[in-house]
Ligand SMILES: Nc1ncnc2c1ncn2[C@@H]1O[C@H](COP(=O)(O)OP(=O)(O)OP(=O)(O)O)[C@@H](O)[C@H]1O
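For reference, the chain that follows is the form predicted on its own, supplied as structure tokens.
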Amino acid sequence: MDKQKLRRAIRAARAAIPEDERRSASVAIRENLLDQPWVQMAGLVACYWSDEEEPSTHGLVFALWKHGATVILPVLRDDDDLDWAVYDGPGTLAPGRFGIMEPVDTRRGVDTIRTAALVIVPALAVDEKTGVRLGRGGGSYDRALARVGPNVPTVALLNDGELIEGVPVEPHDRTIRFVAMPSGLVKLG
């Protein structure tokens, strides 16, 4: 299956998930992550503000922030690369280019992700054997992940059933090290 067909299939499956299941799945993902000592100890966390089709990160971002982590969220640049700004509570977000909420704080630059102790990224699917993530197709997160050091935990948030075999790979695609799902955390590779 090519990437576009796989993206459409996963988006359709996500759209069919009832709202109450979506909420409980997001809570389970958050709790699975927050139970990890390496998540609890991360001082600077790069995350993202989820949209309606993704497992929600809203409670996760808030919990990390309330527990003392500095959380940086992406700001989509005109060239589709990701700049980063600090999340400083629910009132510090505004709609960005595609309506996705972004921090209103000072932009810190595309290389800010290099200093993160934990990187949490969106994905539509992840290949269970290779760790290659399937994104939305813009390449923004592949560029950002290319800046992350090899020992930094990178985590994709997925629904159960989205850790699959056979994600198509292109030269620019980046791998991730962990997948957090409602059913648990999976270390890849």
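This is a predicted model, so every value here is computed, not measured. In case it trips you up, residue 1 is the first one in the sequence shown, and so on.
We do not show the form predicted in complex with the named molecule, though everything after this point is about it.
Taking the partner from elsewhere, residue 134 is found to have a heavy atom lying within 4.5 Å of the named molecule in the predicted bound form. Interface membership of residue 140, defined by any non-hydrogen atom within 4.5 Å of the named molecule in the predicted bound form, is confirmed. At least one heavy atom of residue 170 is located within 4.5 Å of the named molecule in the predicted bound form. Here the chain stands alone, but in the predicted bound form its contact with the named molecule, taken as any heavy atom within 4.5 Å, falls in 141 to 149 among 57 to 65, 28 to 36, 157 to 165, 141 to 149.
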